[in-house]
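So this first bit is one chain, no partners, the form predicted alone, shown in structure tokens.
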């Protein structure tokens, strides 16, 4: 919509001003790592972070949340519980912005999820352009998520002493004008931005030995590939890969009833298709009992199933799953080996 400039020295004031009217969330240092958390002091915000432990999706689909309360009294209808507040999320990397597009479709199509959508509508996303790879595990360039032109309200690019601010929505423009002293970019600013974006491209290597557009066809041909049995021999089926993934959205629903059997509540929490109980149904039958079947299902969702359903790949190349996998299973290696 338009390009603005904000001095780095003025960013703390911008954040502080926004904190007066919104809950502000962003990357904070957690020892040697970073995590998205509520910002209580603008100095805590680390826009120079490499990657976060969990993706920012947790503010739209919490790890655990109440869905509704109910009473045994037949005259009382269940009451939905939707806990949401106006939130501004700073510092969302482009890969996570791409992931949000998958989640938006998953929670909107067929059966719109009021809990997710309420939080989503009350949130503003401020992205930041990655100018250096997060680490050796990231492969966003290979997945086509190294940059993005939509899906954010504001998007920052570090130009040294200033940030270039790309406006992606009217709400973002209002936020910028109301809480900051940003100025419109000049022709010189735009040239500096173009130089920064051009310089970043060669810093990111291609990790895949195939074009990302070939991935769905590759996965459809790989259902019976023996690689799944080989990987399953070392996979711990711990579910960490699902928990840290920005596009995984599966959950388990459960009810809890008070000891007096009069009142209760229904909740949901994140679930993982890598756990052996995930596909267990009534009667004890498990249609993905074998670890190899669960591992195959996970990769099929990332490379094929979500493309068929939402027209978006389920992997954005963030590298979180490989970074935290105790068995050293990496999507880069899996996709390349299938290609070979």
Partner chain sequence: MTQIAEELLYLPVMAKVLEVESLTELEKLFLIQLPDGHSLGNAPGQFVEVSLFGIGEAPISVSSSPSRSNGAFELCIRRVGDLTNALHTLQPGDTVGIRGPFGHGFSLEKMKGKDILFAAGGLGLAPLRSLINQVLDERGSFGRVIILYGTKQPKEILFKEELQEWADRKDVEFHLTVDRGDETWRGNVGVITTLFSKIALNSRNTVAAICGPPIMYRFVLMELMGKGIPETQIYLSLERRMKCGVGKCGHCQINNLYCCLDGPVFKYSQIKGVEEAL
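Residue numbers count along the first chain shown, from 1. Keep in mind the model is a prediction, meaning the values are calculated, not measured.
There is another form of the same protein, the form predicted in complex with its partner chain; it is not shown, and what comes next is about it.
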| query | finding |
| --- | --- |
| Which of 35 to 43, 49 to 57, 284 to 292, 22 to 30 sits within 4.5 Å of its partner chain in the predicted complex, heavy atom basis | 284 to 292 |
| Output flag, 120, 139 and 313 jointly within 4.5 Å of its partner chain in the predicted complex, heavy atom basis | no |
| Its partner chain: the contacting residue among 110, 260, 149, 188 in the predicted complex [heavy atom, 4.5 Å] | 110 |
| Contact assignment for its partner chain in the predicted complex, among 194, 221, 174, 76, heavy atom within 4.5 Å | 76 |
| Contact test in the predicted complex: residue 249 vs its partner chain, heavy atoms, 4.5 Å | yes |
| Partner contact for residue 308 in the predicted complex: its partner chain, 4.5 angstroms, heavy atom | yes |
| Touches its partner chain in the predicted complex: residue 255 (any heavy atom, 4.5 Å) | yes |
| Proximity of residue 106 to its partner chain in the predicted complex, heavy atoms at 4.5 Å | yes |
| Sequence-ordered residues of 260 to 282 touching its partner chain in the predicted complex, heavy atom within 4.5 Å | 266, 268, 271, 277, 278, 279, 280, 281, 282 |
